[in-house]
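Below you will find one chain, with nothing else, as structure tokens; this is the form predicted on its own, and questions on how it binds or moves follow later.
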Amino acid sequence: MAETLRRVLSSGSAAGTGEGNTTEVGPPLLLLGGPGSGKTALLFASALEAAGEGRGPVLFLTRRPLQSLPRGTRAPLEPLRLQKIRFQYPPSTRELLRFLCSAHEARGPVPSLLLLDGLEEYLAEDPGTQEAAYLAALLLDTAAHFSQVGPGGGCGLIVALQTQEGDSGDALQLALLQRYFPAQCWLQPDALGPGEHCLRACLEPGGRGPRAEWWVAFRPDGEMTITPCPHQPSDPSSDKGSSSGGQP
């Protein structure tokens, strides 16, 4: 799913019109950043992008409803796109596991993209590595099931995880999750970028395509602007726990 996020971040290309803008599903992607680093905004922008591809709906899992729709996304907030985004709000890890385990029984159109926001909140209830591995494996299995029974093109998977600096337990948990999610996108503060609340988004596509970086800035009204970084990509893992910005 790195290519979906790459299209969201690539401000140089026009927003897709929908039906002909399909891509092959890539490896599952982990979206990483500190509190307020714009993870939810990018997840929602990815949902809008996928909803306009002319395939199945988008399944967006999150613990609580979005307070407002992110602004400044490449894909327009068209009613038909919004209708294809199906929100589910599992309130606990137990309910999330139950929902994923029963996904094969669900009726209706098969999702083309599975999104989970706030993985860290679910992991906090059962912080052990075994529990994290089980949840990650179940997410991958659910996306694989949707890919098998869907009409074609497969089902992608993007999961957002909040990182914290200096926590050895979180570092061990993150190292485990990275085994399940070969593609990653790091969101880190960048004082050199444009705007007061600017972050650097570094996309590691997991062997599919080159690494790339963008500046993601949020205006006071919450509108998101994205511009390509002019410099060469650096190692995102060297500053992985300190991302912050102006959006959830």
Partner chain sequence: MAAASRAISLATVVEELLSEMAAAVRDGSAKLKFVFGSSAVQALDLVDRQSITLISSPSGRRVYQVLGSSGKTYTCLASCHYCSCPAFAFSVLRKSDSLLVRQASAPWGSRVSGEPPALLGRLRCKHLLAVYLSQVTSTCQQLSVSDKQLTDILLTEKTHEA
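Just so we're clear, the structure is a prediction, and the values are computed from it rather than from any experiment. Positions refer to the first chain, counted from 1.
The same protein also exists as the form predicted together with the partner chain; that form is not shown, yet it is the one meant from here on.
Undergrad: With the cut-off set at 4.5 Å between non-hydrogen atoms, does Cys101 touch the partner chain in the model of the complex?
TA: Yes, Cys101 is a contact residue.
Undergrad: In the model of the complex, does Tyr89 have a heavy atom within 4.5 Å of the partner chain?
TA: Residue-level check for Tyr89: no, no contact with the partner chain.
Undergrad: Is it the case that Pro109, even though its partner is missing from this view, gets within 4.5 Å of the partner chain in the model of the complex, heavy atoms only?
TA: Contact check for Pro109: no, nothing within 4.5 Å of the partner chain in the model of the complex.
Undergrad: So in the model of the complex, is the partner chain close enough to Val149 to count as touching (4.5 Å, heavy atoms)?
TA: Val149 belongs to the contact set for the partner chain.
Undergrad: All three of Gly34, Cys198 and Trp215 touching the partner chain in the model of the complex at 4.5 Å, heavy atom to heavy atom?
TA: Looking in the model of the complex, the three residues Gly34, Cys198 and Trp215 all stay beyond 4.5 Å of the partner chain (heavy atoms).
Undergrad: In the model of the complex, which of the listed residues (Leu161, Ile85, Leu123, Leu97) lies with a heavy atom within 4.5 Å of the partner chain?
TA: Of Leu161, Ile85, Leu123, Leu97, the residue with a heavy atom within 4.5 Å of the partner chain in the model of the complex is Leu97.
Undergrad: Are there residues in 125-155 with a heavy atom within 4.5 Å of the partner chain in the model of the complex, and which are they, in order?
TA: Residues within 4.5 Å: Asp126, Thr129, Gln130, Glu131, Ala133, Tyr134, Ala137, Leu138, Leu140, Asp141, Thr142, Ala144, His145, Ser147, Gln148, Val149, Gly153, Gly154.
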